[in-house]
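The form predicted alone is given below as one chain in structure tokens.
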């Protein structure tokens, strides 16, 4: 049963569960099942942060159901350049988010269900949660062959991945979240989760590619709504709580004081890109010059998302060494992103306003370098 989490329902929970007027915080007397009315990835990730940071989960587990508009979500210790096609994402207007849990990179859209299981650290049990999901799926369709693996994935028919897992374990609280592929755009998923960038060296956590399948492809009755209701019912039965899905607005400061600041932080360049573990790129490309191709070599060290070392090597007759050195020094300290490189190149071009040939070469280099960003 869906219950909008309005002020009226908030008052009802205040009576039944003694929730403080400032939000849920510490007084919920039994478990809760929540579902976000937002499809914004940053807002929904902020709910996870807020519950983890502020709720007393002792004897009061929480299940949070949420779905997002198309986006890519990387793990806390991952490198987005290594994990996804950032150029394609920019072209398609696909958001990139970095979550606070570990694990691999996932594609979200409205055909993918996200489940977050909140407990105390002592009660944290990923396999128990996955078995609950399997029971819910079998309650809807007993013929489904779904099994949890040792890696805490869910496999359909022993080979198709329909769910991946990640988690965050704090000092006293923990959460385990997993995806559930219902009717996601598998073509888009495949193209976005394929990095085109060459020559990356990094110690960041790397994702493990898998063959995936939608549950709706197996049985057209397995819609997102049917699956969410089934999981909520199984969760309520297991934890002996009311089977009520409480709809929440992740931007509501009366329920989640300070949550909008959490969402803003998750959207910052410093968090999404700046938290990437140190990495380097060692690559080359060709440029056409007088009917022949010339090789341009590039080596870049990136730390905290900013260029720490830059070495562009070009044939001296195409671009003199002093000009290459000028480019190298101008890029150091800048963000490793296309907009910043374009801006720096424009500034450099203004230092030599009359040299159209040099401008052309700089712009060629700029476009090539932007291509690896």
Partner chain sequence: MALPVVWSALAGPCLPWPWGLTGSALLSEGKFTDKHEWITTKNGIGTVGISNFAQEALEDVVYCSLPEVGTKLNKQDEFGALESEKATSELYSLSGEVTEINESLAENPGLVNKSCYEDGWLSKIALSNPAELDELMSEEACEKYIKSIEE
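Numbering follows the first chain given and starts at 1. In this text the structure is predicted, and so the values were computed from the model without any measurement.
Below, we refer to the form predicted together with the partner chain, which is not included among the displayed structures.
Visitor: Since the chain is shown here on its own, which stretch among 88-96, 187-195, 202-210, 241-249 would lie within 4.5 Å of the partner chain in the model of the complex, judged by heavy atoms?
Guide: Only one stretch qualifies here: 202-210.
Visitor: So which of 218, 131, 77, 123 reaches within 4.5 angstroms of the partner chain in the model of the complex, heavy atom to heavy atom?
Guide: By the 4.5 Å heavy-atom cutoff, the listed residue in contact is 77.
Visitor: The partner chain isn't shown here, but in the model of the complex which of 101, 105, 82, 214 has a heavy atom within 4.5 Å of it?
Guide: Selected option: 101.
Visitor: Is the gap between residue 303 and the partner chain in the model of the complex 4.5 Å or less for some heavy atom pair?
Guide: So residue 303 counts as contacting the partner chain.
Visitor: Does the 4.5 Å heavy atom contact test between residue 167 and the partner chain in the model of the complex come out positive?
Guide: Contact check for residue 167: yes, within 4.5 Å of the partner chain in the model of the complex.
Visitor: Contact between residue 151 and the partner chain in the model of the complex at 4.5 Å, heavy atoms?
Guide: Residue 151: yes, in contact with the partner chain in the model of the complex.
Visitor: Does residue 277 reach the partner chain in the model of the complex, with heavy atoms at most 4.5 Å apart?
Guide: Yes - in the model of the complex, heavy atoms of residue 277 and the partner chain come within 4.5 Å of each other.
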